[in-house]
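The chain below stands alone, shown as C-alpha cells; this is the form predicted on its own.
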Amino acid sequence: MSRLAGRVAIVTGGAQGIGGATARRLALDGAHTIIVDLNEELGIQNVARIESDGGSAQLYLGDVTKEETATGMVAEAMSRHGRLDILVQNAFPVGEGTFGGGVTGIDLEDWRAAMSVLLDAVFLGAKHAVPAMQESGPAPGFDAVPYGEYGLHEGAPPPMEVGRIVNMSSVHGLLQASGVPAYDAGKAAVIGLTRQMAVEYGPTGITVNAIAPGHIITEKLQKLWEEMSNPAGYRLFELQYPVRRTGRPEDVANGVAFLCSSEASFITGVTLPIDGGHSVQLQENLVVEMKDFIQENAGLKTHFDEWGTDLRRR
C-alpha cells in the first residue's frame, strides 16, 4: 500500500501501544515515520520492526511536555526530509495526577503534571507543526480536483492536502467516570482544542481530527490481564461492547491512517470513536446484561480491582 507515499509523519508516544501500531501502519502506507518517545529501547525495537517490514522510520527521543521536544521533532522532519505532512499526538500520561480520587484527592502538582501531557503537549506539537506543514505545501503526488467540477466557483481554489493532525482523545473525553477528573478533563479538552484548530487551520489546507478509543488491549494491558488470570473478568469487558470484543492497537491505527489519507480530505473537526459501539448503547440495558453475567461468575476479577471502586489506589 502506498497511499501515504512521500509523506512525512510524526507519531508521539510511538514506541508501543496505540502509538506503536499507528507508526507501523503509517509506514506500511508509505510514510516516513518519526517516532517520538522517552523509551529508547522500545522505540528502537519499533523502528527495527518497521524497517524489517520494508518501511521507513527513525526514533527521536524527547519529552513531549517540553517545548524543545516539539521544536526538535519538527526540525528533524524538515532538515532530514524537507517536509512535514502528518502529526499524530498520542503520548500518554503516567502518574498519580492522571487518576486520583476526585478533585479533592489530587495535589495541584500532580494535576498540572497530568495536564502537561494530556493537553499542553497537544498544544505544543501543533504550535510548531502547523508552520512546517504550511511551508511544506500539498502532499507529494497530490492532484487537485478541478475547481468548479461540482459547481460554479469564483477565484482560486482553496489549499488542500497541506497537512493532517490527529489528536488522541478517549471515550473518557465523551463520557465521564468517577475517580479520574484529570484524565477526563484533559481528554475532553483535547476534543475542544481539536475542533478549534480545525476551524482555525482548515482554510490553510490542514485538517485536524481526534480519535476516542475504547478499551484497547495494548502490550501493557495484555500483561495486566495475564497477571489477573481470570477469563471471566476479561469476558465481562468484552460483553460491554456491541461487537463483543475489546479493541486492538491496530483498530485505532487503521482509523488514524484513514484520517491521514486523501480519502479523508473533507473530514475535519470530528472526534471518531473507535470503541466497538461502547459509547452508543443504552446503559440501562447494559447493566441488566452485566448483572446476569456477574451472578453466574462470582469469582471474576479485572485489572481495575486492585485500585478500588473509586480508583484511589491507582
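So that there is no doubt, residue numbering starts at 1 and follows the sequence shown. Owing to the predicted nature of the structure, the values given are computational and were not obtained by experimental measurement.
Another form, the form predicted together with a small molecule, is not on view; read the next lines as being about it.
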Inset, instruction - Can you work out whether the small molecule is within 4.5 angstroms of a heavy atom in all three of A91, S169 and T218 in the predicted bound form? - result: yes
Inset, instruction - Note which of L38, I44, I267, L286 lies within 4.5 Å of the small molecule in the predicted bound form, where distance is taken over heavy atoms; exactly one does. - result: L38
Inset, instruction - Would you check, heavy atoms only and a 4.5 Å threshold, whether E67 touches the small molecule in the predicted bound form? - result: no
Inset, instruction - May I ask you to state whether R164 is within 4.5 Å of the small molecule in the predicted bound form, using heavy atom distances? - result: no
Legend entry - Contact label in the predicted bound form: L84 to the small molecule, heavy atom within 4.5 Å: no
Legend entry - Non-hydrogen atom contact V117 with the small molecule in the predicted bound form at 4.5 angstroms: yes
Inset, instruction - Given that the partner is absent here, state which listed stretch (182-190, 73-81, 104-112, 202-210) has heavy atoms within 4.5 Å of the small molecule in the predicted bound form. - result: 182-190
